[in-house]
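So this first bit is one chain, no partners, the form predicted alone, shown in structure tokens.
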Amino acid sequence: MDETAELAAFRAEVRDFALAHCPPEIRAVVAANGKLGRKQWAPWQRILHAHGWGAPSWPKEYGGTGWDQRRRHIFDEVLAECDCPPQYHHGLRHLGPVLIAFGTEEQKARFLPGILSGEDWWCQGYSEPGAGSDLASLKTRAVREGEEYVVTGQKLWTSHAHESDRMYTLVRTNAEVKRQEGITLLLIPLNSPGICVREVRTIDGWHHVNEVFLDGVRVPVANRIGEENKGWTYGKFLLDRERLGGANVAPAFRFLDRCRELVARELAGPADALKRGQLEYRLLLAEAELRGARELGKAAVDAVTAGEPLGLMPSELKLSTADTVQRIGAIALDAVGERVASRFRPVDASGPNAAVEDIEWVQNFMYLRAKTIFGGSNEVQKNVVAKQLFGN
């Protein structure tokens, strides 16, 4: 559907605000393909919250904007086009809607304001050793003792746990029933006795994922979302809220633009003409893929707005954009690799790598290896497509 004059005016309003109010030092991190953390996300969330735009997907009665799906999509798209950080998703887009739908009034009053203002930082305690894509295999157990649960186990690949205040966590409360039926969703403060957060070193040299050990951690029953053993339902609801995440390909287009600028700058000499032409051709192929994904994303937004089923579109978007962004990262590495790759060291970006110009392109190439894994691996997405097309 073509954009109405009203939506075009809204797009311009968001753009003007983003360019005027997102701090330059934060936009610089995005523009340099740097790794975002709480240091960048939290102040930007406070700015958006003060303007009344803190929670685009929440209803107005809980401090949200009450925007429809098209406005939310435009908002996310424009932020990316302006090199502003996307909003941190764990609290706003994952846990917040679950609290609104299934939480008690006391839980909503306790947790929603901190998410909205950016004061409270959440991470997701889902994956475990042996329970990633097959999440129903999780083994972290919670035993009820009076008005508390005693939680013991391990979570893995927990993004931003090292800078989070709380973790929304799936635990097993009944091992005698079907796997999906014995899971409970708990909200666990990360400063609780018995919790140890340990960095997982990754090949990109950034610290963003962790393992979280829980050793007899006591969690009040008041921190349970909904009913005991119904956590699988709430967890699926949480993930379903983000089925349209792939519809916004604006970040991928900005990544493409920056890569194109890099190729032109890095390979500007006459002796580089052949290699530059080869990389520019590969960039054109990537751009064609992204243009197709953008049209599919628009169709997905229109389908949700009209109340129509999304079908295979989320899986198709995930597969297409993940592969294409990986290819763009590979093009960038081919452009700068001879100059900087040998100087890459797998340490945090605050260390020696920070002094190497364009080292972020090497780090992004490494980081993007996970693009086809997180958020539903390519193999899982292909199984979803095959099941819908061909049945069991």
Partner chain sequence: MPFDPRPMLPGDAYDAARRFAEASAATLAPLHEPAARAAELATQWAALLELGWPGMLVPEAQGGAGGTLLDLAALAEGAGSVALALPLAACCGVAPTLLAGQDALLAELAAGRLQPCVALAGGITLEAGRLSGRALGVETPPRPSHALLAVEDALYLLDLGTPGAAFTRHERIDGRLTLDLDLQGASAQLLAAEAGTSVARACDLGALLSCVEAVAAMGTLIRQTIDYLLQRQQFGTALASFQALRHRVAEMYVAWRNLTGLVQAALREPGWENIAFAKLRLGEAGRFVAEQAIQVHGGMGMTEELPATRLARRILMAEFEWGDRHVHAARLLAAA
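Whichever C-alpha set is largest while still superposing within 1.5 Å between the two forms counts as the rigid core. Positions refer to the first chain, counted from 1. No experiment lies behind these values; they were computed from the predicted model shown.
Although not depicted, the form predicted together with the partner chain is the subject of the following passage.
Checking 103 to 111, 289 to 297, 118 to 126, 217 to 225 against the partner chain in the model of the complex, the stretch whose residues place heavy atoms within 4.5 Å of it is 289 to 297. When the partner chain is considered in the model of the complex, only one residue from S320, Q87, Q154, S159 comes within 4.5 Å through any heavy atom, namely S320. Interface residue among E280, E181, D257, D272 relative to the partner chain in the model of the complex, by the heavy atom within 4.5 Å criterion: E280. Using a 4.5 angstroms limit between non-hydrogen atoms, A5 is distant from the partner chain in the model of the complex. Proximity of L312 to the partner chain in the model of the complex: non-hydrogen atoms within 4.5 Å are present.
Mapping the unseen interface onto this chain, K382 counts among the residues with a heavy atom inside 4.5 Å of the partner chain in the model of the complex. Contact check for V150: every heavy atom lies farther than 4.5 Å from the partner chain in the model of the complex.
Along 360 to 390, a non-hydrogen atom within 4.5 Å of the partner chain in the model of the complex is carried by E379, K382, N383, V385, A386, K387, Q388, L389, F390, in order along the sequence. Once both forms are fitted on their core, the CA shift for Q40 between the shown form and the other one remains under 2 Å.
Annotation for R70: C-alpha shift of 2 angstroms or more between the shown form and the other one, rigid core superposed. After superposing the rigid core, the Cα of E199 is displaced by less than 2 Å between the shown form and the other one.
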